[in-house]
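There is one chain below, alone, in structure tokens, taken in the form predicted alone.
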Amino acid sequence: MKNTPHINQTAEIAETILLPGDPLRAKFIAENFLENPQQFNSVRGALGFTGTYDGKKISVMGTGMGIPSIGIYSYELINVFKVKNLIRIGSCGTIQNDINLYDIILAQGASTTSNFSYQFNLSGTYSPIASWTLLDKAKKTADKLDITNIHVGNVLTDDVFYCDDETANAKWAKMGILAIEMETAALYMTAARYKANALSILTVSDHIIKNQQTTTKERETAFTSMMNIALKMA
């Protein structure tokens, strides 16, 4: 078993891992979808489990909120624990009128307000995108499951949850941004840099324009369509 400052491995970690932000969502998936789940991490409450689904070994672990958190976990999972496929299953807030609560967004790309890419010392602006293999598989899986409330496009990974600029959302909406969340861009950049596959599958938990929200419990246990897509495609 291997250890890092953030993952104290006590069981096997599979090559494919689902990454909800909420550790309790990871626990819910392990207890309700995986066979014979074993906990492999509890450091800082980032609960991680490995079990089987349809005979295939799959892991799931909570990453917490924001780019710094998922940046740490994705780096360590890829480089220390040799994870090949990282599928974020998170929540987001939409800024488009034709998207509704509980709709699912496959993040084809991730614009960002973060300066996370500075570390790569690039001479231009990097565009973080999903791994086509996972994106294609996720859409085909959703179609097979007859999940029709699904959107594919660009999301915004924002460093700020409570934004002081009241005009910001409308500007991003004009550019076709489907929703706002806080992790995907860092996940995509880290996966690209270290040659892993990454995809974010997001459920709309908040409608920012219409001022609609799901509850904390619903975010933990009710986003089953997203979970089913991720598990079936994995």
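Position 1 is the first residue in the sequence shown; the rest follow in order. Values in this document were obtained by computation on a predicted structure and should not be read as measured data.
Below, we turn to the form predicted together with hypoxanthine (HPA), even though it does not appear here.
Heavy atoms within 4.5 Å of hypoxanthine (HPA) in the predicted bound form are found in exactly one of 67-75, 126-134, 143-151, 89-97, that being 89-97. In the predicted bound form, at least one heavy atom of residue 205 sits within 4.5 Å of a heavy atom of hypoxanthine (HPA).
For residue 182, a non-hydrogen atom is located within 4.5 Å of hypoxanthine (HPA) in the predicted bound form, even though that partner is not displayed. Under a 4.5 angstroms non-hydrogen atom cutoff, hypoxanthine (HPA) in the predicted bound form lacks residue 120 among its neighbouring residues. Residues of 148-165 that come within 4.5 Å of hypoxanthine (HPA) in the predicted bound form, judged by any heavy atom, reduce to 161 alone.
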